[in-house]
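There is one chain below, alone, in structure tokens, taken in the form predicted alone.
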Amino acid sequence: MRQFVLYARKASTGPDFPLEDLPGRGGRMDVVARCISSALWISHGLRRDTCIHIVAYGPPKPPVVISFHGDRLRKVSPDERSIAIWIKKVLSSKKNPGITIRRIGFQTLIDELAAEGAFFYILHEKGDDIQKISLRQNAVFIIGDHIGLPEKEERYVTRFPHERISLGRIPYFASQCITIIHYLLDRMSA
């Protein structure tokens, strides 16, 4: 299974964020929604082999991990508003079989994934060129939001099997990074 972890420093951890202001009072929930869409949807379907974990650290009650599981997701459309509506619903304790919410932080999530035998790729502008390495299909890709992954969290991941990778000199949006990684992995497995 492919997994992505998005560290979202400002993403709302409560259901009261307004749908009409996802970038502002939603704590960049627009970035979160775009990353979820990029991770899970392809033309005419879902990536059933993919899971994305959003680690939200915004107000009112951080941290929260919201996980979207492609193999179980139902009734969610790939647009930002639909995804944001579902995030509001699960933060209000409504259920979707493909979305889980837990009140844990980044390091606890990393510990759990490491206990399952995960290999971690940390996306970093100064990492090794992704074109020069042989990517593992079943790995966890860690991406920072528009601010980036905090240094202490990156150091924490380095306790486990990992590699820092870069997509090149051009800084891409987090959602674009996910698309590029999928593209490269899809080509490898074709």
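Quick note: we count residues from 1 along the sequence shown, nothing fancier. As the structure is a computational prediction, the values presented were derived from the model and not from experiment.
As for the form predicted in complex with a further copy of the same chain, it is not shown, yet the points below apply to it.
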item: 4.5 Å heavy atom contact, residue 133 to a further copy of the same chain in the predicted complex; value: no
item: Exercise: residue 37 in contact with a further copy of the same chain in the predicted complex, heavy atom 4.5 Å; value: yes
item: Interface membership of residue 47, a further copy of the same chain in the predicted complex, 4.5 Å heavy atom rule; value: yes
item: Contact test in the predicted complex: residue 75 vs a further copy of the same chain, heavy atoms, 4.5 Å; value: no
item: Three-residue site 80, 187 and 190 fully in contact with a further copy of the same chain in the predicted complex at 4.5 Å by heavy atom; value: yes
item: Proximity to a further copy of the same chain in the predicted complex (heavy atom, within 4.5 Å), stretch among 153 to 161, 54 to 62, 23 to 31, 118 to 126; value: 23 to 31
item: Stretch 39 to 56: residues contacting a further copy of the same chain in the predicted complex, 4.5 Å heavy atom cut-off; value: 41, 42, 43, 44, 47
